[in-house]
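The chain that follows stands alone, in the form predicted alone, written as structure tokens.
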């Protein structure tokens, strides 16, 4: 199943699902977000979205199985500017890395694999850009793209730096 999430009317979070043949109707998840959200699916516990419009990373959990007041909302903290980039990896899709533009206009990451890590400053300056990151499902190095002076710059973060 493919899930699409958007910030809709009145900044409410909406979900649409594709089962391989058809799209569902839009479902109002009845949770207010601050604006732009970025989402990913953690296979072991469902889809999660991240709202960074308030200057920190707020996580909305298990959006494929819950809505309204049943959605767990957790402020991960941090000093975030721009949009977050969540990526999932691991044999069972059970490891999450959330990349953000943090203090010092640098790339920061917070990870989850059964428990949360602290925010970690990675050795990469990204100016005012929001990262767009990807990793293979089997793990390995992470690639992040940023738009810097109207050009796309690709950055490799080694797996052992996470």
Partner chain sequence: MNRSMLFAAAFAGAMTAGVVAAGAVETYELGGSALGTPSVVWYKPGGKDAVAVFVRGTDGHMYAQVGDGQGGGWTGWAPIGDLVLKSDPACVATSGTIIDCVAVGPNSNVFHIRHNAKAFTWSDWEISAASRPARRASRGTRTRMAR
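Numbering follows the first chain given and starts at 1. Model, not experiment: these values are computed from the prediction.
Separately, the form predicted together with the partner chain exists; it is not shown, and the next lines address it.
In the predicted bound form, at least one heavy atom of residue 136 sits within 4.5 Å of the partner chain.
Although the partner is absent here, residue 42 sits close enough that one of its heavy atoms falls within 4.5 Å of the partner chain in the predicted bound form.
Mapping the unseen interface onto this chain, residue 146 counts among the residues with a heavy atom inside 4.5 Å of the partner chain in the predicted bound form. In the predicted bound form, the partner chain lies farther than 4.5 Å from every heavy atom of residue 30. Residues of 25-42 lying near the partner chain in the predicted bound form, listed in sequence order, are 25, 26, 42, the criterion being any heavy atom within 4.5 Å.
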